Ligand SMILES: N[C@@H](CCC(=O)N[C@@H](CS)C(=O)NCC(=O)O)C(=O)O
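Quick setup: one chain, the form predicted on its own, written in structure tokens, and binding and motion questions come after.
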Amino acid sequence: MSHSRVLFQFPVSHYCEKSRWHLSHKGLEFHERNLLPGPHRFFTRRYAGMDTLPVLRDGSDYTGDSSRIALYLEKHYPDAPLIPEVGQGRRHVQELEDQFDRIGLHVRRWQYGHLLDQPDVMEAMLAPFRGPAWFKRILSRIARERVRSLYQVDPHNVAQSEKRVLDGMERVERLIQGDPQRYLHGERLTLADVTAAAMLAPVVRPPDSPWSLIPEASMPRSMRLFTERARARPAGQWVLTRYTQDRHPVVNQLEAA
């Protein structure tokens, strides 16, 4: 186990899942370090010059943002490539990555619009906190309102994001021509597939993924119905297929915060 390769993350972030998947695809051992939302910025600004996670530490190198991490991994660990080296194929895969990364913003808002007031979500977000329970309850209220403001989580925006999520699923279905076994580009897994599957995973909730940890019984009925319909679509079946066939996690250790 590499003690110098660490992915600093939120466990239920689909952008962090994208980087976890990329690392695992390449067979790279790494530790996962969960950071506390809010105070995480002290770390990310110092080491990556940004406010977001994931951040990868590889030896003395720090790289932030899942797309930059992808380029770093492809450059320094070229085995089991996820991005074609040159040409139109490379451009197409990176264009698809960018498109689905943007869909991921709407998935996040849609998800928070339904689940932000659920205790399970706050429990997952604040899992790294080791202080007293009364202070954790205060942090939970602060974090909830901060997320609501930061991501503009209101009924109108959530409804618009739901439409964009459906647009993303339709895009997958056009690319695979309705066949869940097909890849988005070429005949093998690429970063386009990893990105699209990771971004849509909170909607489809594949078994053994971070989102399956939130019980469906605790989800609002409208969200459960949307998820059921999404799973039944070719795009939903495609996400489940990618997780079954291509998401092979290595055994990692979760570092103490």
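Model, not experiment: these values are computed from the prediction. Start at 1 with the first residue shown and count on from there.
If you look for the form predicted together with the named molecule, you will not find it shown, but the lines that follow are about it.
**Student:** Can you pick the stretch from 185-193, 26-34, 46-54, 214-222 whose heavy atoms fall within 4.5 Å of the named molecule in the predicted complex?
**Tutor:** In the other structure, the partner sits against 46-54.
**Student:** Even though the partner isn't displayed, in the predicted complex is Arg229 close enough to the named molecule, meaning a heavy atom within 4.5 Å?
**Tutor:** Judged by the heavy-atom cut-off of 4.5 Å, Arg229 is well away from the named molecule in the predicted complex.
**Student:** Though only this chain appears here, would Arg108 touch the named molecule in the predicted complex if you measure heavy atom gaps against 4.5 Å?
**Tutor:** Heavy-atom contact with the named molecule at 4.5 Å: present for Arg108.
**Student:** At the 4.5 Å heavy atom threshold, is Ser13 in contact with the named molecule in the predicted complex?
**Tutor:** Residue-level check for Ser13: yes, a contact with the named molecule.
**Student:** Is Asp65 close enough to the named molecule in the predicted complex to count, meaning some heavy atom within 4.5 Å?
**Tutor:** Yes, Asp65 lies within 4.5 Å of the named molecule in the predicted complex.
**Student:** Can you name the residues of 29-44 that have a non-hydrogen atom within 4.5 angstroms of the named molecule in the predicted complex?
**Tutor:** In sequence order, His40, Arg41 come within 4.5 Å of the partner.
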